[in-house]
Structures are given as C-alpha cells and as structure tokens.
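Next up: just one chain, as structure tokens, the form predicted alone.
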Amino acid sequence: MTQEPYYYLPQFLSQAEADALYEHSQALSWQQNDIRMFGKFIPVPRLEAIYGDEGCSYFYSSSVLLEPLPWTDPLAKLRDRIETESGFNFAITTGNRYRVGEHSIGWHSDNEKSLGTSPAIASISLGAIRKFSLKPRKGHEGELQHFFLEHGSLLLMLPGCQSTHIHQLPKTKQSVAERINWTFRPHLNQTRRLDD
C-alpha cells in the first residue's frame, strides 16, 4: 500500500485563529496580474500577493513575476507553525484571493525552478469552502481526489507530489463567498533553516 503524497488537516487553525488571519489577510497588498495564454496577456482570474524572504522572487507560467514583500508578523508566525508541524522549511508565501465563483486556478503543478527539486508545498485556506482537485499525471498511479478545503485547514503536498500529480481550484457557478489561500513554498535562495 503506497502512502499518499499529501495530507489534509481540516482544523489546523482554530476558528478564532482562522478568523483573525482572514481579517489580517484582507488588509494586505493584493494585485491583479496578467498572464500569457495562447500568445496574449489576459488577467489572472484571481488576486495575488506574495510575502517572504528577501531575494526570493517567484516567476511562474513564464510570464508572471512576483517580488515578495517583507513577512508580516501573523504570516511569519503561521510559517513557523507550519514548519514545526511539517518539518519542512518555507521562504515565501503566495496568496490567492478568490472573490467570486469565477475566480479559479487551472490544472498545474508547482514545479518552478526557483522552488528547487521536489519541494513540499503547504496550503492554508481561509473563508469560504471551495473544491480543490488533485490527480496523478499520466503514467502515475492514483485516483482523482477532491478536497472541500475548510476555513483554517492545512493541505500539505509532500516532496514528490509536484512530479506525480497536478492540481486545480475550478470555477463554480454556485454563489460563494470569498476565499483566501496562502501557499507556503521553499526557495533556492533561502538561507534560514529550522534549526536557526
């Protein structure tokens, strides 16, 4: 029996902790970026933010460059807590703000070169519950999985998951409230370690 390359903790944060972090997140610096698709630039279907260590920029889809702002105290404390829980180091957190059901992210893996080889990726969900789907790449074992990510939950994709699986947060026609997601990632330029 093979171990799944991820695990899900639905109540990683308490209700009060999740509420406070959601309120803090709403007041942070969000931006609408453009992404190159089919030879032209179009708006990313969500708002984005990034906080993290200096020099740890994040470039994805060969077209979107995110330069981290300094850690806020609540986000740094959350990073430390996730590192203690998981045993993995993280240098940046990228935020996605899904304000309506049309806001989404398509099938992809977090395999940018700046993340290094076989990164662990930790995702905290805040606000409305949205469906998150994960499936194995062609040629890899496993089944399509759906998670209904709860307010204050942690989904950890373990090292190797980005090589064997892809994931998405699909659009929905249902009326949904806002969801904010913080995804913690390592970076080749990071210098801080768990034992620092």
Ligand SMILES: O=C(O)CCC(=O)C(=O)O
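Residue numbers run from 1 along the displayed sequence. Computed from a prediction, not measured in an experiment: that's the story for all the values here.
This protein has a second form, the form predicted in complex with the ligand, left out of what is shown; the following refers to that one.
**Q** Taking the ligand as it sits in the predicted bound form, is Asn96 in contact with it (heavy atom to heavy atom, 4.5 Å or less)?
**A** Contact with the ligand, yes.
**Q** Even though the partner isn't displayed, in the predicted bound form is Phe147 close enough to the ligand, meaning a heavy atom within 4.5 Å?
**A** Contact with the ligand, no.
**Q** Quick one: does Ile82 come within 4.5 Å of the ligand in the predicted bound form, counting heavy atoms only?
**A** Answer no; every heavy atom of Ile82 is more than 4.5 Å from the ligand in the predicted bound form.
**Q** Is Thr183 near the ligand? Define near as a heavy atom within 4.5 Å, in the predicted bound form.
**A** Taking the distances in the predicted bound form, the answer for Thr183 is yes, it comes within 4.5 Å of the ligand.
**Q** Do heavy atoms from each of His103, Ala128 and Val176 fall within 4.5 Å of the ligand in the predicted bound form?
**A** No.
**Q** Relative to the ligand in the predicted bound form, which residues of 158-175 have a heavy atom no more than 4.5 Å away?
**A** Stretch hits, in order: His167, Leu169.
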